[in-house]
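What follows is one chain in structure tokens, specifically the form predicted on its own.
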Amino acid sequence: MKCDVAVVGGGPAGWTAAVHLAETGLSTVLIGPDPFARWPNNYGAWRDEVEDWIDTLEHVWPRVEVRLDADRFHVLERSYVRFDNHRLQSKLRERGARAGLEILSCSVHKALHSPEASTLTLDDEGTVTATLVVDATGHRPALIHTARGRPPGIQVAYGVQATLEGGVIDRDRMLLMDFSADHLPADDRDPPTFLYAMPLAGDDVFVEETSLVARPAVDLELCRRRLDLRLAARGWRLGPVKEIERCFIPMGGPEPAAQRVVAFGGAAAAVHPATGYMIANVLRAGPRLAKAVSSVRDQREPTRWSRAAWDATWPADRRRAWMLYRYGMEVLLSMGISSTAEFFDTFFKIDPDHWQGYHSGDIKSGQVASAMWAVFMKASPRLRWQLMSKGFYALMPAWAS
């Protein structure tokens, strides 16, 4: 098979990239071992970042709560959403079918590159020859040469969906973070974890205990145990579990250098280094990738296509922004429960435009710096010292490598 673009990977990133590329008129093939498999993870986002995908949402909450301890909490007047994975997959499949996207259910065995094209050898002994190859196979990419640097932090979470059979939950808001730790012994509050809770249709809830970021990763069993303790402390009694989610997400690792194969999504280290968000960034990046490749389609040179794609997905300013986000992540890595609560209390007191932009992962590096400066100016002297010393010291080895 010959095509303009071969996209490897059947998750949200792979489908998003392939659909947008096909819609520009480029002959596109999506390759994955099971490209129609159900996506197991739950995807949340801020509504204003996914307006083009409103018809794929399962639930919308008009406000969000952040609770830091018994005395400090914030109610954010910004809508939060959860995707309906079936609707999102169906929409992408329908758009792909209309655009002539071809689907191959197999794995890529190896890739060979010549000046004229790239040839992928498949596990069924077939081949696909393409001018451009996009690797969207996730955090352990199949075809990308990963960059050296400081290892990523890891976000770990254990969540369940079930019917709430006892206790009361405010169904008008979702709980973005609850770092309160009074239910834990004093010597068992670090590393900090928080509750992420979504009231769903009927009496269903999705509750998840999350380690925002750690290096090395927090033991998943710790999150499971703390979730049980937290639910008991809140008086929430769950019925039979309908779904279990186990998350292990690398974040803040070095973004890959430009190369012949183009990385997209998790393969491109696109998880927000300070928040763990990715789905909204992927959905926004798809059109940029497709536009960039389409702009050089008349020049049938693979290196030009890959260079245009890399410039669109990882422009220089975005790399600078990601360096600042990694600085923020390194600061969080150094904090115990007390400092973490103080940090987020300060963070959500800054101007909403600042914290919303910082969360998005899709703003200019100068705006990221402005948000960080706003936090610094509101911080206590103790927190200021941590913001200055911990992140800078931790990033020095990464800059030097």
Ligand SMILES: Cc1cc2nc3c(=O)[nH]c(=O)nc-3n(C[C@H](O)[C@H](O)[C@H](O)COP(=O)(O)OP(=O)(O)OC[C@H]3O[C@@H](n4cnc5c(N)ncnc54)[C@H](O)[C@@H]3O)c2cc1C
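Because the structure is predicted, anything quoted here is derived from the model rather than measured. Start at 1 and count along the sequence shown; that's the residue number.
Another form, the form predicted in complex with this ligand, is not on view; read the next lines as being about it.
- Considering this ligand in the predicted complex, the lone stretch of 90-98, 145-153, 254-262, 239-247 in range is 239-247 [heavy atom distance within 4.5 Å].
- The partner is absent here; in the predicted complex, the one residue of 179, 314, 325, 277 having a heavy atom within 4.5 Å of this ligand is 277.
- With the partner omitted from this view, the residue of 339, 360, 41, 346 that lies near this ligand in the predicted complex is 41 [heavy atom within 4.5 Å].
- Contact check for residue 136: a non-hydrogen atom falls within 4.5 Å of this ligand in the predicted complex.
- Taking non-hydrogen atoms only, residue 108 approaches this ligand to within 4.5 angstroms in the predicted complex.
- This ligand in the predicted complex comes within 4.5 Å of a heavy atom belonging to residue 11.
- Put simply, residue 286 is far from this ligand in the predicted complex: not one heavy atom of it is within 4.5 Å.
- In the predicted complex, no residue of 211-244 lies within 4.5 Å of this ligand by any heavy atom.
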